[in-house]
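Take a look at the structure tokens below, where one protein chain is shown in two forms, each on its own, as structure 1 and structure 2.
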Structure 1
Amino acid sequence: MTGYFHSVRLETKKCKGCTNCIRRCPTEAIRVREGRACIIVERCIDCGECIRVCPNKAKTAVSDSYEKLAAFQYRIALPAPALYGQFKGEYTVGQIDGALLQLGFDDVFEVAYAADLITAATQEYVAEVGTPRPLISQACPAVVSLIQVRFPLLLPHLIPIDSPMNAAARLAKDQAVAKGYARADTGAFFITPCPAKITAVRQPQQHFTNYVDGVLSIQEVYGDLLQVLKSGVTQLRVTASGAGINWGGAGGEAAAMGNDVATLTVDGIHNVIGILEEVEMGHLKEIDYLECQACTGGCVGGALTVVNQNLARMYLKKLAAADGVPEKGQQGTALLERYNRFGIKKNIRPRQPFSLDEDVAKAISKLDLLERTLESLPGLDCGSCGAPTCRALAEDIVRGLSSETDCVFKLREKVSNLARKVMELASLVPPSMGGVRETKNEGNGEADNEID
């Protein structure tokens, strides 16, 4: 048991071992073994890149199903802001919320509304806390995991404030309890654009208290929602501001922060890595708030969404402008006070899955072996050994998980050496047939004759 839960899984039957995914993975977490991909759990950050890139649709995410709703008496839907961008702008935010009620939910609590509160809490935090810079939001759990795995040095940059999803669940459940429902009977279900959020909810070792009870993917509810919407629904009253709704697209968080804060938005996990590398070198100190979105386009580009992210972002922006309500004001301030600004107290721990040994001295000697092994590999990063790069194979060899002959070029070299040996042996004629025996150790040149 490794202690990590991951929502991204492989459907073994569909995997053809094509190695497309291993190179796309930002944390080198996938290997192909015996013709099938497998995920190194310590490294996976559930960003969904492999789901997007797999030509055989063998990578999936495990979410909950409607059946889980039955476990609760009072069921609250928490739609991610990205959901609103999936309907070509044909339905209002209030209608989409309303449609959720017909899928078996008793109430809807907009995550976009919680995003408004998180924005306000973050604005305060950024104003109060001077260093380090830039500060990085925790809204995207794939980015948080990426930092734990690949940029542990940047953990102090993460803003210790809860995600809108979790804040929404907490608020929604407290509201239900205030209405008279028992806490245990109240279930909060997030409608997710991505596997990373599923993981964040189910992860056993969290640095925050989780309030979400279940997660359904946008893809899963999309068809049903569309049907309900087409047959006409009663609108719910929208509670989120346009800024909160826009959190669903890249740039939304930064825009919500306002003009007093120096912001930068980066989307797409490989772009995020590039920027975090800059931050690690001590750059970008002039930026106060760095919005990092694992998905290109932000959450509307999540691996479990339906519509092309460029279009979804456009629809979302229009809806935000048309349907958003004025921001919280007094009521928001009161909520922030009551919930302690949604602060997270526990520290986020680094994961360090790349460390070759717990003991530094041993790790150093393994690293030496790794680099020497690497020198003997061809350096083509061809992927046919099942590792994303030659270095990754060298690493696997040092960890005892692979062998040199997994490299086809090494194997060929060995085979051709062997073949040469065989040829040499084959050309030797036995002495009885007049062959001359090789002399090595004998000091006397006439040894051959003596033996005969």
Structure 2
Amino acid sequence: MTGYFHSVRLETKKCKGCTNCIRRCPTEAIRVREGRACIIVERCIDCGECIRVCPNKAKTAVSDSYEKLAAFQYRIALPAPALYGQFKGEYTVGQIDGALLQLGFDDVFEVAYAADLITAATQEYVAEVGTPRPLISQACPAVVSLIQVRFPLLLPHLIPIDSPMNAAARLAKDQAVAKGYARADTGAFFITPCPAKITAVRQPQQHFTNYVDGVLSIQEVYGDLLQVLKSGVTQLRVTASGAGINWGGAGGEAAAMGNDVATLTVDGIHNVIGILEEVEMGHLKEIDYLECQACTGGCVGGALTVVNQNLARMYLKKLAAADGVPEKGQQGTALLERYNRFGIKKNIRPRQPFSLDEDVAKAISKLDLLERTLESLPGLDCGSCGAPTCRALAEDIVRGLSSETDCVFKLREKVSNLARKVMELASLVPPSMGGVRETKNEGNGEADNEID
């Protein structure tokens, strides 16, 4: 994969070069140059951290719009479980599904039901596979990208089972074909809480088959859904269990795995990095299943949601426990067999690694220069240079993308040295202007002052 698509975009005119984004980016994918932020595409994982922290709303996520629905005769909505937590618990899951039918969709397939199936498949996989440990869920595409960029040695820890989003689209389209609709005329549209899932659809992992045709953000559909719900809708039958619905909040995946599996949940991309560092060092082997969520609070904390993630998690749990939601049981055994437990045959590959030079000898030489450059920098990681850390600046200097004087401390040092030299020069007076110079007496070696 040589090119990268990213749903996270920068609106240059809004950017004021405040450096908030470079401090929070987990992969050091952002620099500020000439007063504007810029994104290093091979490092970006579309986690949405920059969208959250930008005070000027200069970072956005590019999703599809309702107009894309017109390209398909039969349109299926795939609501993320996080969507149900956006309405203060005032409406049931069935009502929210029903409201989607009035926004131009012909059918609704709950991603939470696909989460039930993925849970069952994962339980079997964890029980069958002994190593490595811990096994890591692939449900969060931002975490998968993070591992590709920063922790490639942990790629074998990823569970080779498809995401609920893609599994739901596959199931929904097959059901539509069974009803008599042509596959080419059937469109599956995911309602997403985060930009990473947009990228996962637009540019799926190599060797992956993508079944989702479009992605609408929760922010885009929320207002329209709320108006429809207030006017009254027909309630659809809920197919997902409470456990599947709870996948929308941090800890939902792990809870669905049951008490027989040793699980650990970590949410928030920087917290995830800390745990993955532990795993990389060979720790946490006593954990069977590691649930990693890039967004704080899980998907309900996604950058494209509306409600505060703490409130959304509370509302989601309330809906999951409501009457009419099926009990978690043996989910879709026949479907699991039919779809080969939604297994992924090919392993995910690491992103193109960071390289100082394609020539190995030159790369080693540049690495030595990088270390020496880093030693000369103050090590404060202040971000004033437009890079997140002094090491990142040293890398940019060695690659010819920055100069040492981009560091304000090195610039001040050079300016101070220059000022001192200017003062020394200013104190000198040429002999023709009556300056005094020292000469040595050849007889006794003593210095005499001569006036020109």
Partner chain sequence: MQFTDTPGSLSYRFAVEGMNFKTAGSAAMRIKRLLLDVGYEPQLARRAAIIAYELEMNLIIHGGGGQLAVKLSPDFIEIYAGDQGPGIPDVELAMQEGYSTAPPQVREMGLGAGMGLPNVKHWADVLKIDTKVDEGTRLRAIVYCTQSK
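Keep in mind that what you see is a predicted model, and the values were worked out from it rather than measured. Each form is matched to the other, and the largest set of C-alpha atoms that superpose within 1.5 Å is called the rigid core. Residue positions are counted from 1 along structure 1's sequence.
Student: If I had to pick the form predicted in complex with the partner chain out of these two, would it be 1 or 2?
Tutor: Answer is structure 1, the other one does not fit.
Student: If we fit on the core, is the Cα of K414 displaced 2 Å or more between structure 1 and structure 2?
Tutor: Moves: yes, 2 Å or greater.
Student: Superposing on the rigid core, is the CA of Q205 displaced by 2 Å or more between structure 1 and structure 2?
Tutor: For Q205, whose C-alpha is compared between structure 1 and structure 2 after core superposition, the shift is 2 Å or more.
Student: Is it true that E67 shifts between structure 1 and structure 2 by 2 Å or more at the Cα, once the core is aligned?
Tutor: No, because once the rigid core is superposed, the C-alpha of E67 moves less than 2 Å between structure 1 and structure 2.
Student: After fitting the core, how far does the CA of V360 move between structure 1 and structure 2, in Å?
Tutor: Comparing between structure 1 and structure 2 after core fitting, V360 shifts 4.1 Å at its C-alpha.
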